[in-house]
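In the form predicted on its own, a lone chain appears below as structure tokens.
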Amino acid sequence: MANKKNIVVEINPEIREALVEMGAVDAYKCYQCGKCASVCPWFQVGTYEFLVFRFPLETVLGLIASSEDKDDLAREVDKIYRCVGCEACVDQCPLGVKMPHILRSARRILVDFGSYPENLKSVVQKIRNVGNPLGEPREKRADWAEEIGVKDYSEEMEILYFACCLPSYDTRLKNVAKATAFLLKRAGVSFGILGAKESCCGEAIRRVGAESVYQETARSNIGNFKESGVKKVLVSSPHCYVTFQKEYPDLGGEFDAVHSTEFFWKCIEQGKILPKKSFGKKVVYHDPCTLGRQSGIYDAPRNILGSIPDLELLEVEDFSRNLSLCCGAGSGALWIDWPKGERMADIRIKQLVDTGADVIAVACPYCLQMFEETVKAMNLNVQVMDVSEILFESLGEDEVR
């Protein structure tokens, strides 16, 4: 009879203790029911076996990121960085096990030893050096705002608008920031930006596992926010929203964060914004993981779209709201180029397009960038627009200038 592997000998208490100390304490709650694996987006992709429920057991045994063999460790790293942090597993877990936190603890260990993907190392370094993951000059962060006359934030203003790195720099996504600014002006809101004084919120690099760089970046933002007298922050990105609302308070940053969709829906209810121009298209709304499952914001984007004349709002059957499939960009995956056949965005775009929609509406810069690239690669005749862009268009303006 063949010798069986002695699992007791393989247990590594040092790694286990390090993982728990880094935030993997939920591993002890998991009872291996396997429900998480069936709702993980990798299950929908179907070409990569990602058995989520194994991570808690491997954590308790101290087996995550424990290999000393170079090739085995490379496979472990690839597996650990497959998690996109969508929290579909958390949403459906009977015990609410925070699987992304377990994996983030493993990532922290890998980052400490420099054993993580090179493209993510580059992102972390760019944020540390110039305050954004694109590596663009800090002094150009406010260029989009100067083009349309947005002022610098001052303490007497009602709102600080934090556009997020992608809408601040990316040519296509700048339209989201501009549309948001025009909508704020139309609503009569006093607002400004910090421009070069602000850095990336740090959410992505925290999920990558670069905790020290995250804290360094977050503390810099908190200091600049406090110095400028910021109390309320409007954001376009759900990732910024979660970070400001739920994570900055741990570092002394108490700010009232609001996502643009919630804010603009209130403006519509109060009559400060009046959609009047016919849109005349079928629109399907994609629920971003961070805005939906992680923040509970499902209705505001739909209410905005539903208020626009001649807009037919569609839903993805079986895969909307808390069951929405991730675009694949979260937890640093925006900067990882998965092989063909292993891209979540391909699956999600097919779900969205199969509704017969003319336009895919999103409320997250990550989703917008992923879907724009995917639609082009698949040569599909469908538009991808942020909710703010659609709302701005409904006001009757010719274009975002």
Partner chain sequence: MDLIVCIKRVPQTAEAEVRVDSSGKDIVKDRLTFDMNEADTYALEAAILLKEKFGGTITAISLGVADAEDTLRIALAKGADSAVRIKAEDFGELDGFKTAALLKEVIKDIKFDAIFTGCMATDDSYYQVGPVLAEMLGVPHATLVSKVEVSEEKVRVNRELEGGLIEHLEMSLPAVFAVQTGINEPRYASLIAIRRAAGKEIKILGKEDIPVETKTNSTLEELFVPPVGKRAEILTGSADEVAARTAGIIKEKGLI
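Positions refer to the first chain, counted from 1. Being a predicted model, the structure only gives us computed values, none of them experimental.
The discussion below concerns the form predicted together with the partner chain, not included here.
Residue A106 is the only one of A106, I304, V235, L291 with a heavy atom lying within 4.5 Å of the partner chain in the predicted complex.
Residue L73 is the only one of A196, L73, A187, I148 with a heavy atom lying within 4.5 Å of the partner chain in the predicted complex.
Taking non-hydrogen atoms only, N129 approaches the partner chain to within 4.5 angstroms in the predicted complex.
The partner chain in the predicted complex is approached by A65, whose closest heavy atom lies within 4.5 angstroms of it.
Although the partner is absent here, G280 is not a contact residue: none of its heavy atoms lies within 4.5 angstroms of the partner chain in the predicted complex. In the predicted complex, the partner chain lies within 4.5 Å of some heavy atom of E216. Heavy atoms of every residue among V77, F113 and P117 are located within 4.5 Å of the partner chain in the predicted complex. With the partner chain left out of view, the stretch that reaches within 4.5 Å of it through heavy atoms in the predicted complex is, among 251 to 259, 236 to 244, 155 to 163, 131 to 139, 131 to 139.
Residues of 282 to 308 include none with a non-hydrogen atom no more than 4.5 angstroms from the partner chain in the predicted complex.
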